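The chain below stands alone and is given as structure tokens, in the form predicted alone.
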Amino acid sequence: MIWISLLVALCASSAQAVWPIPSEYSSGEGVLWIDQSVKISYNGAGPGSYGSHKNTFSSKIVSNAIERTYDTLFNKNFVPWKFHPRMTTFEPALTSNSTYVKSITLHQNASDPTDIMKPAIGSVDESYTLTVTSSGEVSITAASSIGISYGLTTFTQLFFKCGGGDGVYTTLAPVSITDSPKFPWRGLNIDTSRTFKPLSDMYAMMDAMAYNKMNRLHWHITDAQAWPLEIPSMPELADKGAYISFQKYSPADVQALYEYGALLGIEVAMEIDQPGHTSSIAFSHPDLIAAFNVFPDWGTYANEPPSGTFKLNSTAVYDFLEKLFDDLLPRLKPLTSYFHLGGDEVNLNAYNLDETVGTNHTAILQPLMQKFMDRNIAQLQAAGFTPLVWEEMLLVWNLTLPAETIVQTWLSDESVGEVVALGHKALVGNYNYWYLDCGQGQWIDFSQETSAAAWPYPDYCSPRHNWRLMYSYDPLSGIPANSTHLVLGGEAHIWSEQTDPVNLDQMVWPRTCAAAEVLWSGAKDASGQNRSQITASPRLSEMRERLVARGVRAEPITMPYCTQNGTQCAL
């Protein structure tokens, strides 16, 4: 028996990965085969409640997880030759005496909360236990349908495809796993304004997220460059604000994406950033936006072209937002508990060109910003949503925010500490670690006069953040023990100046897996040390192979020589 825990390294030269690493994990060296005739039985969503109206969605979650389990095991599996010495016979022999998995029993020992389709933080127990006996009995126990789903996900990671035929096997029996997440918010932020992402790509992102036990999709759907979101009461927004007519998200698209995610245990939090990052509204409502498309001096008024921001003291802007949210929020309410109001990178100079304000003095602007955000938050809360804002609203603008507001940090670890010191819940995602777009170089062009000063054209957050750097990030760095509960988790971010559907997979995966494990398992091992890259690397390489088998164009993190030869590539 090989006992594997948070203290003990996984064998680097053989495939036995589970990603994210479980809280407690033991495995053996026994062989089990599995075929498509194996039955998966489910007792239902709690004693006596299976099939009742309130748990209909619970049964859908589990049914979907069962279908994905069969699909992963038998259609989207891989041959692990990269994890064994070259030219060796590593696969077990399949004979008439081989032992097969005989049964897979799913036992949910509590009822799902009534909000399982759009769970609030802390309302769902995501833990599970998984046992696989040497004789082929499999049992997964959890308190929720989401926990059952995660247990099945882990189960599929124990099995491999046989290169000589259709067999699927594990060499790890018996297995015992007890697992639960460190943080309740484990997210990925995808920007679909700067470049459009078709629903098929968004579904694929969610599939990969779920396979890494991530549970929040932050949908940064609009920004300065484009407004692809259709609002039926205001069709001109997308008709004029999208890049082109076929790059729009209809209400049906939005509903489909939210529902797809909910079946995977992923809740969507849409962001409509404001008051900055709203220039695309000027294509249909120019009267609402100040400092729109100032050129060539856009850098004085915005971080990116086209410049523009909501007028800060305009009743017309307030009327617009009320109409926008009256249309959008009721459609989202059955599908999510969260909505993101943005609030980052507000450019003060833009208000010099705002006739409702006419100054960039913060003493004048701050109470107007408070009034602006108060109005937005009040409408969200009246509709039953928990608001999110970027850290600048609290730490730069010094706004008074409702206690339930979630503050998303991105500028520094110190920001996280400041947010929780003020008693607010925080999300982490320091751009120096978890911004996936960094290191691509500049996306803007330079004149002959400015080129030399900009050479060699790094972007603002270079260099590229490799998986090891992302893996080293501790969300609780510097947070006092009595405030760690206020750190809900965090997100990796893929801003899309240079990321479109062609390179989206490679830009996100498998680096985001590193963030996923930090958020599920914690940044530290049981001894309080940063988790070992040497033991993580083969597990991540294996997760990459599993993602590729699922159709994700995830980039490699090393070469086969390293995965075939244990720790020879370690220093």
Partner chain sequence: MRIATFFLALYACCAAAIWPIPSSYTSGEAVLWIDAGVRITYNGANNYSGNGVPYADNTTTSHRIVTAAIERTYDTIFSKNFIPWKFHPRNSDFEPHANASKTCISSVVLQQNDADPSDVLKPAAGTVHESYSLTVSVSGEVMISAVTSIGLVRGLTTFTQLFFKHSDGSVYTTLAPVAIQDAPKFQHRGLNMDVSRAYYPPAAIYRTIDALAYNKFNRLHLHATDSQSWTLEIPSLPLLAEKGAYEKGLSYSPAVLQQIQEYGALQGVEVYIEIDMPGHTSSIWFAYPDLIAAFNVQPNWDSYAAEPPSGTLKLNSTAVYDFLNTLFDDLLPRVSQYSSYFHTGGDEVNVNAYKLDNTVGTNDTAVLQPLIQKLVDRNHAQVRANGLIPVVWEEMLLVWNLTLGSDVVVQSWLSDATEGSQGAGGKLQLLGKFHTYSNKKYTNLILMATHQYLDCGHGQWLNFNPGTSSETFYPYADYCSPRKNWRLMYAYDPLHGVPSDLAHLVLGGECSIWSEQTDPVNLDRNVWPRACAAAEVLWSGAKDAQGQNRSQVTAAPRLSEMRERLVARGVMAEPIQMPFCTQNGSQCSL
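Fair warning: this is a prediction, and the values are worked out from it, not measured in the lab. Positions refer to the first chain, counted from 1.
One more form of this protein should be noted, the form predicted in complex with the partner chain, which is absent from this view; the next part is about it.
The closest non-hydrogen atom of M369 lies beyond 4.5 Å of the partner chain in the predicted bound form. At a distance threshold of 4.5 angstroms between non-hydrogen atoms, R544 is in contact with the partner chain in the predicted bound form. N43 falls outside the set of residues with a heavy atom inside 4.5 Å of the partner chain in the predicted bound form. Taking the partner from elsewhere, G241 is found to have a heavy atom lying within 4.5 Å of the partner chain in the predicted bound form.
Exactly one listed residue, out of N398, S477, Q442, Q381, brings a non-hydrogen atom to within 4.5 Å of the partner chain in the predicted bound form: Q442. Of the candidates S149, T499, T170, T222, T499 is the one whose heavy atoms come within 4.5 Å of the partner chain in the predicted bound form; the others do not. Within 4.5 Å of the partner chain in the predicted bound form, a heavy atom is found for none of V18, A421 and K425.
Heavy atoms within 4.5 Å of the partner chain in the predicted bound form map, among the stretches 213-221, 304-312, 322-330, 371-379, onto 304-312 alone. Residues D445, F446, S447, Q448, T450, S451, W455, P456, Y457, P458, S462, P463, R464 are the ones in 445-465 with at least one heavy atom within 4.5 Å of the partner chain in the predicted bound form, listed in sequence order.
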